[in-house]
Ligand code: SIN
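Encoded as C-alpha cells, the following chain is the form predicted on its own, with no partner shown.
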C-alpha cells in the first residue's frame, strides 16, 4: 500500500468523537455557551489532519463540471473573482502569491469529505450545509470578511493566521466582487496548524492569511434569510394551491375614466387574496421540501443496470443501504422529505426511516416489503445505494 493510500485509509478509519472536535466540551455545553455567541479555538482536534487532499487533488476537483469552484485573486490592490470549472493549465500557471482556490460541496465529491461533514451532526441536518476546501500560497486569502452563518475552520496542510473581531461596522468595499470589509479591526489573532479547529459565529469579522502553502477546510451551516423564506413560500403556494373562480362583472357600467382601476375589481382581488389560509402543516410541508431540495448544480446518477426488487432486497439483507452523499433526507413526525420529494410513511416504517435519515444508512437485515419498495425506488433514482454498513 502506498504512503498516500495508507494515509487515506487512516483517515477513513479515524473516529471523530464530538468531544475531540469540540475540545472536550460536550455538545450540549457548546450549543449553550458558544453556538452563535462566541468563538472557540480547539488545538489539535484532528492531529495530522488533511494529508489526503493536496493542491493537485483540489485543482482536479475545481476542473469538474459537478463542482462549485472559485478563484480569488488579489493583485495591485484589486480583487478579482472567477467561477469554475477551470482548465488545469490555468490553475497550474498561477503565480506564487496573491490567489486562493476554493471548492465547495467537497462532501459530494469525496467520501472522506462526506464523512467529515457528518461528524458535525450534533447540529440538525436542516442547518448543515456543506464542506468547502481552499488552497492558498504564502500570503493568500480572500480578505477580511464576515459570514452570515456559523462556520468551523479546520486547518489542513500548512499554517494560516486568523485575525478575528466582533465589530459592528460591517460596511463593505464598494465595487469589490467579494464582501470585503472596509474597516476591519482585529481583536484577536491565532496561527492555526494542521488539526486545529476555529469555530466562528455568524457575522463575526475574520481574515485568514496563508503562512506558506495552506489548505483550510470549512464546515458551513445553512441560515435562510427571512426574505428568502417568504419568497420561496409564496412560490410554493403558487405551485400547490388550486383557487377556483374568475372575475366577472355582469352589472358593468360605462366608466367616466376608462384608465381607472375599477373598485369592483380591486375589492374582488382583495377578497381572493384575503381568503388564502395556511397553517403549521403547510409550513412543515414547504420547509421539508425546500430544505431537502438539492442545490441547482446537483444531479443524481441512477444505476445503469439497476437491480430487480428481489435482487435488491437480497443485497440489502447482506450489505444494508446508505444515502448518496448528495441526498438530503429530513422528516417531521410521519412525513419524510427526500431531495425535495414528500413521502408519508406508515407507522411500522417510522423507526427504520428515521434511522436512515438520522444516520444516513441502514444496517444489513430483513426489512418489510413496503419499506424495501420505497428503498428500491430511491435506489433506482440514485438517492441511495446498497453498500456495506461500515463503508
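Numbering follows the first chain given and starts at 1. Remember, predicted model here, so these are calculated numbers, not experimental data.
This protein has a second form, the form predicted in complex with the ligand, left out of what is shown; the following refers to that one.
Every residue of the trio 134, 142 and 153 has some heavy atom no more than 4.5 Å from the ligand in the predicted bound form. Across the options 228-236, 160-168, 244-252, 296-304, residues that bring heavy atoms within 4.5 Å of the ligand in the predicted bound form belong to 160-168. Within this chain, residue 102 lines the site of the ligand in the predicted bound form, having a heavy atom no more than 4.5 Å away. Heavy atoms of residue 319 never reach within 4.5 Å of the ligand in the predicted bound form, leaving it off the interface. Interface membership of residue 108, defined by any non-hydrogen atom within 4.5 Å of the ligand in the predicted bound form, is ruled out. Within 4.5 Å of any heavy atom of the ligand in the predicted bound form lies no heavy atom of residue 193.
With the partner omitted from this view, the residue of 147, 112, 282, 130 that lies near the ligand in the predicted bound form is 147 [heavy atom within 4.5 Å]. Residues from 232-267 do not approach the ligand in the predicted bound form: none has a non-hydrogen atom within 4.5 Å of it.
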